[in-house]
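Okay, here we've got a single chain as structure tokens, the form predicted alone, with questions on binding and movement later.
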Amino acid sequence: MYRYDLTDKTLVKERVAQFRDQTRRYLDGSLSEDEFRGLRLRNGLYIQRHAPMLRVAIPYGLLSSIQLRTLAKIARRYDRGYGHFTTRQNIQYNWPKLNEVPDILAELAEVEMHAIQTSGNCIRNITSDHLAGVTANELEDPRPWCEIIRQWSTFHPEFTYLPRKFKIAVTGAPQDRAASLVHDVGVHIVRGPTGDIGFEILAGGGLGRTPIIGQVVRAFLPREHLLTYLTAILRIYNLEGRRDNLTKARIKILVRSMGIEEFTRRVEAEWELLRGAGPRVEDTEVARMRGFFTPPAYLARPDTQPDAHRETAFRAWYRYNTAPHKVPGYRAVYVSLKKPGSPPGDATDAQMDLVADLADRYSFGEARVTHTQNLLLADVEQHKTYELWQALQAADLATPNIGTLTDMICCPGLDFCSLANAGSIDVAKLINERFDDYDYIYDLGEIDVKMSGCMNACGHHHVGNIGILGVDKGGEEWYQITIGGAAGADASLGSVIGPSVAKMQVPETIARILDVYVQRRRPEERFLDTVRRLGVKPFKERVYAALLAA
């Protein structure tokens, strides 16, 4: 992983000192609320429903065991003993005291972490595929490119005050496990017409009140021009993006209003001015960055399958919670943060400490955060997966549900967020209680359920195979259901099935939707494929006939 040099360390520590002074001045009344707001947002600090919320950057989801132990210590010392991992591979603390936030940032700086640009109208944390470097079919490891973009974008003076927040995802494999098509910019590593490695660039994706799938701006960009092309996109957005209306300020609105052809023309014209004079990514810099992401010292191991005599629970866990590795004899192991009864994406301080210990023991001292709010040990020897499972099971971290109905993406909702209209965590609990038969869940196959407590769509409900959106109706919590969304390479927006339903009706509504799928699916057909083939109508008819009868 990338390690800070002297410049990095100095930069981050100076920022901590600046924010400590800014916080002191705010608390003694020298800075007004309006003056302090922009300063705290640039340091990842929000004011939520009950307390401040601090969002810490985990660049492209990569953590050393030392860093993960520090996150656990912060949860224990400054919060209420847990942290919440997000869809953008960050961690959030929901209960820090404002006067102690500079101390938290100082402890993060000691292990080469920070909260810089995790909020505010700037370029946010760069995200990527959690299987980067270990999946067999990627063209190239995207993490060095993520780091190049991160260093270029951090404190970039031209893009400090954009019309709105700006999110970039980079992928190197065809599966797109980073949901890049719903980012402001998606960067795909591809081969060009002559076989050279470069990038496909997409722009204008995003969710929220106006969900839009990103569109291709340039089909192939030579890799040395990555930063100049990103600069061109951001310049057009900075110049033309709306600043008079918060809900229309994202680049997706600009691309839609201009049209992709005109937006592309403007970007290409700007790039022509930059390509010969702007920052060029030289081969020496690419090689330097790759040096931080060299493969660990893998051992020669046979490729084996779990013994048939092992417990059924282990075999289910191995099937759902491990993934193929490009090196024979290894597996990537998911640590599920979706145990029924626990808020999706939450990990206690003890669990984080344990995963750090397991990372040292089984995965070369490294852990990763996934887009789906789980953790990952990327480099586990196959013959050690059983003893790893035993350790995870003892800590309630071995729920065998990755990629299934109960592996829900879920925002904090009304429990914490001041923007939320409805709860999310309690609805996830109701769904888990309704669907507690793992044989049935496994029979359903791959299903993505995503839930948001408001239209800001932090839970990515628009691109859930089943999406759940909390809405307020006269002070009561109701839920709009969508089906047919997807966040991968075949990204699509879900369709609303009909009027919203009451909180207690959400699980049964999902059950009725699944009844149609089970009855009408074709052999080996995923839920998403069945919805796309049948359309919304049969699902809507089943749901609302049942609700009217009730």
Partner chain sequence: MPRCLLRNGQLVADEWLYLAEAAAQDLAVTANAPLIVPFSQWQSEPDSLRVRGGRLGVLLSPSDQIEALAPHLARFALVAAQFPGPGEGRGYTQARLLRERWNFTGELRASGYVRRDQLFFMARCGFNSFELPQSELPDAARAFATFTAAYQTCNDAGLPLKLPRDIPANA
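Numbering follows the first chain given and starts at 1. Note that the structure is predicted; figures quoted are calculated from it, not measured.
Only in words, not in the display: the form predicted together with the partner chain, which the text now covers.
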(message) Can you work out which of 227, 444, 197, 258 has a heavy atom no more than 4.5 Å from the partner chain in the model of the complex?
(response) 227
(request) Using a 4.5 Å heavy atom cut-off, state whether residue 154 contacts the partner chain in the model of the complex. (result) yes
(request) Give a yes/no on whether residue 148 approaches the partner chain to within 4.5 Å in the model of the complex, heavy atoms considered. (result) yes
(request) Decide whether residue 300 counts as a contact residue for the partner chain in the model of the complex under a heavy atom distance cut-off of 4.5 Å. (result) no
(request) Indicate whether the partner chain has at least one heavy atom within 4.5 Å of a heavy atom of residue 305 in the model of the complex. (result) no
(message) Tell me which stretch of 270-278, 245-253, 321-329, 454-462 has a heavy atom within 4.5 angstroms of the partner chain in the model of the complex.
(response) 270-278
(message) Counting only non-hydrogen atoms and a 4.5 Å threshold, tell me whether 11, 15 and 18 all contact the partner chain in the model of the complex.
(response) yes
(request) Between 221-251 and the partner chain in the model of the complex, list the residues on our side with a heavy atom within 4.5 Å. (result) 227, 235, 238, 239, 240, 243
